[in-house]
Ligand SMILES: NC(=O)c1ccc[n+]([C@@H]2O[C@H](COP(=O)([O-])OP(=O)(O)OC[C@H]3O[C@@H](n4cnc5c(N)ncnc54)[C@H](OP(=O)(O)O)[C@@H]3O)[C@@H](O)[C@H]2O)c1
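Coming up is one lone chain in structure tokens, specifically the form predicted on its own.
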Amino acid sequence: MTLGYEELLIVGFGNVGRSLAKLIAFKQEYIREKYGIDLRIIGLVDSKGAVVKPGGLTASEILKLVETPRSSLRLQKPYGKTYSSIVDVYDEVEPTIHVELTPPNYDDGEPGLSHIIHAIKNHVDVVLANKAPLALYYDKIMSMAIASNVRVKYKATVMAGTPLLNLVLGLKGYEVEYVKGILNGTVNYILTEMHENLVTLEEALQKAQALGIAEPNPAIDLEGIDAAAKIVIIANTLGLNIKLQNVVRQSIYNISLQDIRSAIRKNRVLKQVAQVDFNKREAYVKLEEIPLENPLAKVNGTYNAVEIGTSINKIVVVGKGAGRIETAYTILDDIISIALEKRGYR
């Protein structure tokens, strides 16, 4: 079975971008044999430039680029380019799928938002791992995509290590009343450490940073922005138009050991919970004392969990929230899905 090829432009060449490029290099032949699709990486873009090769980089070229220093693509001969914008890249190559992996910017969604809009205007399908543009402008992006007959897939934006959005997208006949859960692995790890070892927030955060679980500046996680972005994406996927600025957020910066001990005395555990209520049309991220018999209370470390309440039952999903390899596999799944859908397969 030979269905054709897809030419990929990967924008953002950090941990996830490199993991994805490496994964494609190793799985090109497998994907070609199983699905009849030849995935060709025609461009890689970082913050200072790009590598562009019409027709596609070879597997050996990709694997060499994965090992290069950060932000050095422009220096890699013979395909390195110094570009001032994504427009310059599109002037040289015409991708069929744009993969947007730039870091999230929750102020205005840039530069990811402009990259996505440019791709859509050029009738290029889009795969996203960057949450910010969707959290801020979901309805705008999807309306543009529909008008341009472009596919936008984004399973890697929420619980990338677990196929949550596959489930959410499949609930077409259900009346979903609420979705709530633990959506940030960094915060869940910190709260687990505080609960199990009775250490302070500062001590738990330092351990998380030493292990690479928390960023040097963890504000996006600890202030609930990341979890809020994910609950917004879930809500919009299920048809409720909520934006990031509509989500009420509670920071965990002020949590103390006294709060932890108080929860333990009540046979409860403190968790950062994100929730969207479809009847009230509202969403929040806050600290909650969860009874120990509740399934969410047993979700520890960097694991995530979501409870979906419907008119007939409750569905609980537990699994890894992220990880560079897990995220890369989820992005690849979206890429293959687009390729097959374009050819009439589901």
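A residue's number is simply how far along the shown sequence it sits, counting from 1. Every value quoted in this text rests on a predicted model; they were computed, and no experiment measured them.
Below, we turn to the form predicted in complex with the ligand, even though it does not appear here.
Checking 107 to 115, 203 to 211, 166 to 174, 91 to 99 against the ligand in the model of the complex, the stretch whose residues place heavy atoms within 4.5 Å of it is 107 to 115. At the 4.5 Å threshold, heavy atoms of Tyr83 reach the ligand in the model of the complex. The ligand in the model of the complex comes within 4.5 Å of no heavy atom belonging to Asp38. Using a 4.5 Å cutoff between non-hydrogen atoms, Arg70 counts as a contact of the ligand in the model of the complex. Although the partner is absent here, Thr310 is not a contact residue: none of its heavy atoms lies within 4.5 angstroms of the ligand in the model of the complex.
Ala160 is the sole member of Leu191, Leu136, Val247, Ala160 with a non-hydrogen atom within 4.5 Å of the ligand in the model of the complex. Site residues Gly12, Asp46 and Ala156 are all in contact with the ligand in the model of the complex, judged by any heavy atom within 4.5 Å. Contacts between stretch 288 to 307 and the ligand, counted in the model of the complex as any heavy atom lying within 4.5 Å, involve no residue at all.
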